[in-house]
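Okay, so here's just one chain, in structure tokens, the form predicted on its own.
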Amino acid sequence: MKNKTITIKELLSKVKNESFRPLYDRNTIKQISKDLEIFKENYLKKSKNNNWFVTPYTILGSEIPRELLYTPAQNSKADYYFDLGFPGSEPFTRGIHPNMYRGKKFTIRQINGFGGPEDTNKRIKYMLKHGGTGISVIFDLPTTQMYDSDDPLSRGQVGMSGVAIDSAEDMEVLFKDIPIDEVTVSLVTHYPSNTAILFSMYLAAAERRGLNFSILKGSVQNDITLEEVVRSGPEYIPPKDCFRIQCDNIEFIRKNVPYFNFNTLNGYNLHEFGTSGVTEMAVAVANAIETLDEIVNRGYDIDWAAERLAFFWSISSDFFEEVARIRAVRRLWYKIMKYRFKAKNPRSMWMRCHVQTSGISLVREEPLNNIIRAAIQALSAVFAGVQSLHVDSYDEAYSVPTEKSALLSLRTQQIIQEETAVTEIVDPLGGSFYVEALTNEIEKRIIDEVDQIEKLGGYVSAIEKGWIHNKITDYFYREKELIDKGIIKFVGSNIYKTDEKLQPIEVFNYPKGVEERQKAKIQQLKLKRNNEEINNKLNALEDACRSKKNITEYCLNCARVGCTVGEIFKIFKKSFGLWKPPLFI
């Protein structure tokens, strides 16, 4: 046996030191690029399909071509400090907090909403009891479209797919015995008009409990995109007036409810309605730019305004695209705030976001497969460094989640947080040649679409001209065609279908008599309130709508005296008139 003069460890260390080439050294990059071309040429000679580039077709995907292999050559101009940096530091690509989930876990914020306010109150308490760390409330179709439960247009829809709210009294019942002074509350108000109405009712209910507005924390959506583009209601106010209400809400909330996110720019519903992930983010960013321009024009400091801005994204099934999208828009938003708006407060430069797994990716066939889909989507959101998360329940392809399925979605988040160790590392996919190249490509594509919107005269003008409606129509029809042809695949639905009869799942049963109860409550409210006071407050609101006054504070005055959702919306329609979206012209 030969004498050992050097250990394997020592030998390999010596070899590496002798041949060491810095990864991003210019000469190293040149050599990798040459070798990559040789590798590609040899691969393509042996490949039958000549498939170095493949375009993934996934539900709500952006169809960005992907190479077979990624190396430093595809990201040769990377600048660590300009493109990545450290978490909690510019450009925030790697996260907005230095220690991310080690310091504060992402908020588990499952959506609740069905039946009357007393029904949803019980579900909220159930979710908090089992470990939910935030509250999110969705409203039924009549409430969202701003009709009272006794309106003929509401018939058959009261309490379906959300909770019915007609007045501040209903808000009191909805949050009865729930510590809204301790836990954050997300009100899924969607529209600016609905935000002015429902958030005012939330504030009136909090006021009746003796709570000061300054301690309330949470979010409203307040997004013109939802009211003028995604909306399925029969009556629309004009975009310029809708945008004015959006900004009135921001101004009022920032002044009076300082810890509430006054604007959760909603990419989620737009994405689910029918756009690519790139368009989802470009539209939200363009809306945010125009909104902040208006707030600054009203005389407010950009840092004062922007630090409570938030975003809401849809997370779908192209795992690495979803990680890269969040990272890309976080970096882009930092650049916009720093270089376009000259913000100085780092918090103003944060792209803070809530995400929800994709509802449209849930299918009725073999619904238990939806558990897997939602879990994978949730994991990509966590890898991307989001602030709060909702995981869709497997039975949402049928109806509102049952208590059992809602608990399973809650447990999915808790398992990710507590059992996988993925939250112990900040930006675990950062530095991946693939993820960094994809992040750069997505950022470029978002910028290109924002540029198109700006050249149309800004986001409100883009809505008026039908640009976004056309984007939706084109994408929706193409997506449907790809699904019908089986190019976009759903396991158990359009591929790998089974002939076996599967065990039926438990489907949620809506509470009975909700519509009758809500109608009775409205009737009782109208009998006991002061009608002269009601008329005075509604008339004052109409005057505010027709002048330059902030309408949100007048909506709050209406909520305080017992005006209903439908009564306030009638004032908006009377004051602003109605508008026909381009799709229906």
Partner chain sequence: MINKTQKINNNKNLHNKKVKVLLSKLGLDVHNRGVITVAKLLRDSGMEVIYLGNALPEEILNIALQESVDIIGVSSLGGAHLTLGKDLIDLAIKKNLKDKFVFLIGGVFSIKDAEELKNIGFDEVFTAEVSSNRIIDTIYELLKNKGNNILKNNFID
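Numbering follows the first chain given and starts at 1. For clarity, every value in this text was computed on a predicted model and none was experimentally measured.
Keep in mind that the form predicted together with the partner chain is not shown, yet the notes after this line are about it.
- No member of the trio Gly134, Glu207 and Glu516 reaches the partner chain in the model of the complex with any non-hydrogen atom inside 4.5 Å.
- Among Pro179, Pro152, Gly103, Gly299, the residue placing a heavy atom within 4.5 Å of the partner chain in the model of the complex is Pro152.
- For the options Asp79, Glu500, Asp484, Asp448, the residue carrying a heavy atom within 4.5 angstroms of the partner chain in the model of the complex is Asp484.
- Of the candidate stretches 125-133, 90-98, 395-403, 339-347, only 395-403 contains residues with a heavy atom within 4.5 Å of the partner chain in the model of the complex.
- In the model of the complex, the partner chain lies within 4.5 Å of some heavy atom of Gln145.
- The partner chain is not drawn, but in the model of the complex it has a heavy atom within 4.5 Å of Ser161.
- The partner chain is not drawn, but in the model of the complex it has a heavy atom within 4.5 Å of Tyr191.
- Residue contact with the partner chain in the model of the complex: Val507 places a heavy atom within 4.5 Å of it.
- Contact residues in stretch 465-479 (any heavy atom within 4.5 Å of the partner chain, taken in the model of the complex) are Thr473, Asp474, Phe476, Tyr477, Glu479.
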